[in-house]
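This document opens with one chain alone, in structure tokens, the form predicted alone.
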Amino acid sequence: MSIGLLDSTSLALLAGVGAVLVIATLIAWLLGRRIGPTGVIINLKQRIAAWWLMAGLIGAVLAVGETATVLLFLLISLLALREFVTISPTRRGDHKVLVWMVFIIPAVHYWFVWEHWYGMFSVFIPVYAFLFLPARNALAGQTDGFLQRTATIQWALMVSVYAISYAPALLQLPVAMEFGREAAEGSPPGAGGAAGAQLLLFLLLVVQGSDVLQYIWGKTIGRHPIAPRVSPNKTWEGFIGGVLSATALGAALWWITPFTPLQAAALALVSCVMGFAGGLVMSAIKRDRGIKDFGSLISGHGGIMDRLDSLAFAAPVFFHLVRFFFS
């Protein structure tokens, strides 16, 4: 049985995610009945509701097909770009560059992703857009803060569009299932089939699971902050406990990937460490701008980048490791 990019394996995995969310919803309801509508309980319910929405969206677009999945991530990138532009210092002369940055470059880049044109999507933003945007900005003639403004625009585009786009780009990988075994039925190499969808689900579950597990470990036994001036809530106990737990989760999910359990654990470990780095970097940016969250679009989580900061750092590394060792 298959629906769009979801074969029976992916459907079973999503059913398991749904079961976990049902249990979490019941626990939150029981805690609310017992403790009352405290701030912690309200935030917990908001977070669970947001997870229902996010899991439902991913499942829905994968069920429709690759085009819907790419379009969803394009929309996510545009929303993340909007958050960066909102908190960034810009001048009147930057407006024409922002039109290129928001309305043209992301659409062209994701078209390369959709076309499976690896040679272009891998260099379009870090080479061509990187060089074009400051040249176009210089034509405006405003030199005050030029370096800071240009670097901010380039950074926002790299993180919000280029890095995040590596998640749907997993659908194009011609993966050799277990070093030569045929890919899952309906998954021709590079055609965005079920094997690519399983890679995407694996990455999302491991990285987002690591965020949740780091939060739980940090709240329960966290004592020693890693970078207190950047993010006082990130502790060594939370980091180590969360990353190791998520690595074990990745090993347990080896059956939906082309990896052995040990390989799945190794890729999960690297992805979780990169995800932590992404969260720390985004916390530093928020500290620099004097804000708590990038936005308020996702109830209980903040903005798009508050939820996808870890994915932005993990997805490119995961993609290239899989492409190098398993394609």
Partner chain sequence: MRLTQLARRGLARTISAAAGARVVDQASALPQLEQAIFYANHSSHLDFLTIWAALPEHLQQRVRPIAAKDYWGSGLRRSVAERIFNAYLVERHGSSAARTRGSDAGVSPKGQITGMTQVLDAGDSLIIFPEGTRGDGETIAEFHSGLYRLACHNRQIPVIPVALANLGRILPKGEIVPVPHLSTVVFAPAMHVGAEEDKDSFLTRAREQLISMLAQQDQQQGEQ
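Numbering follows the first chain given and starts at 1. This is a predicted model, so every value here is computed, not measured.
Here the subject shifts to the form predicted in complex with its partner chain, a form of this protein not shown in this document.
The stretch from 164-172, 246-254, 101-109, 217-225 that comes within 4.5 Å of its partner chain in the predicted bound form, counting heavy atoms only, is 101-109. Proximity to its partner chain in the predicted bound form, taken as a non-hydrogen atom within 4.5 angstroms, holds for one residue of 149, 82, 116, 234, which is 82. When its partner chain is considered in the predicted bound form, only one residue from 291, 26, 54, 281 comes within 4.5 Å through any heavy atom, namely 291. Residue contact with its partner chain in the predicted bound form: residue 86 places a heavy atom within 4.5 Å of it. Contact check for residue 143: every heavy atom lies farther than 4.5 Å from its partner chain in the predicted bound form.
Although the partner is absent from this view, residue 229 stays clear of its partner chain in the predicted bound form, with no non-hydrogen atom inside 4.5 angstroms. Contact check for residue 59: no non-hydrogen atom falls within 4.5 Å of its partner chain in the predicted bound form.
Against its partner chain in the predicted bound form, the set 65, 320 and 323 makes no contact: no member has a heavy atom within 4.5 Å.
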